[in-house]
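Shown below, as structure tokens, is a lone chain in the form predicted on its own; questions about how it binds or moves come after it.
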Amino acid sequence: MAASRVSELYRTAFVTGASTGLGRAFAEMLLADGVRVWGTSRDPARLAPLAQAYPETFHAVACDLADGPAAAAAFLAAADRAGGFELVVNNAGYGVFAEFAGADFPVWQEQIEVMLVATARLSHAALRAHLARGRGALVNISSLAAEFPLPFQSAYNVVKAGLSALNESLLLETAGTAVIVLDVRPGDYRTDFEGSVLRPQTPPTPRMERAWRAFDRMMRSGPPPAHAAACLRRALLRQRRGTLRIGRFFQAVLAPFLARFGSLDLKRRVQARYFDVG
């Protein structure tokens, strides 16, 4: 019989970036389903609302992906306290909005180190434990930006494409096992993501301003984070593995369909028009 609650499949979970946005929605969904959740933030004080709402089942973890080895150590310490994590959701990340040549290269390097290398490090630790246990789920939150790159967010696009490539590799390596790897690719959601995007290039060019207005408009008109959490919940209950595109119908269903059967040049022209940078 199919599980009706996620806790029937996974008793413990580790969720990065749990203080806001999609990460918080994922944590709240799991907690509501009876899962014991260890959620991370660079500032554990931002996790206080979850700790107050779920004092018996939520555990705050200080974790900064800017220090990859320290983040891995925090994960392993939390796993030891939890008796192992049956579900790991790598969600934490941030955006940088600038021309590739308009910001100093360390800006881009840091984003790749934080969001791709550090996430891969946590995935490595999680997958080792899953394979040793013989079961478990690794959920890496990529983005539809892996397929439809965002203008003036080059490192973010690289990170998400790289993370999806990692997920594809792990799907092959875990084939035939009871370990689940899920590559979740969200579109635009109504989170505070755009408010936390770094904009190191000043002054912005007119093309950048037009692209930013389009990006901001898309984020503000997207579904609420609870929609993403509901999509992930259904996937977990079905023990789905592979790629899960979520978001508004156009972004998650129609655009990938058209891109699959259309030309690459057409896709580029549509994206340029979409962001008013053509």
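All figures in this text were calculated on a predicted structure; none of them were measured in a lab. Don't overthink the numbering: it's just position in the shown sequence, from 1.
Not on display, but discussed next: the form predicted together with a small molecule.
Undergrad: So, a 4.5 angstroms cut-off on heavy atom distances: do all three of 11, 31 and 87 pass it with respect to the small molecule in the model of the complex?
TA: Looking in the model of the complex, the three residues 11, 31 and 87 all stay beyond 4.5 Å of the small molecule (heavy atoms).
Undergrad: Counting any non-hydrogen atom inside 4.5 Å, which residue from 80, 104, 173, 192 sits next to the small molecule in the model of the complex?
TA: Going through each option in turn, the one that passes is 192.
Undergrad: Scan 51, 219, 253, 237 and let me know which has any heavy atom within 4.5 Å of the small molecule in the model of the complex.
TA: Comparing distances to the small molecule in the model of the complex, the residue within 4.5 Å is 219.
Undergrad: Looking in the model of the complex, any heavy atom of residue 196 within 4.5 Å of the small molecule?
TA: Contact with the small molecule, yes.
Undergrad: Does any part of residue 91 reach within 4.5 Å of the small molecule in the model of the complex? Heavy atoms only, please.
TA: Looking in the model of the complex, residue contacts with the small molecule include residue 91, since a heavy atom lies within 4.5 Å.
Undergrad: Decide whether residue 75 counts as a contact residue for the small molecule in the model of the complex under a heavy atom distance cut-off of 4.5 Å.
TA: Residue 75: no, not in contact with the small molecule in the model of the complex.
Undergrad: So in the model of the complex, is the small molecule close enough to residue 210 to count as touching (4.5 Å, heavy atoms)?
TA: So residue 210 does not count as contacting the small molecule.
Undergrad: Heavy atoms within 4.5 Å of the small molecule in the model of the complex: which stretch in 134 to 142, 174 to 182, 96 to 104, 200 to 208 meets that?
TA: Comparing against the small molecule in the model of the complex, the contact stretch is 134 to 142.
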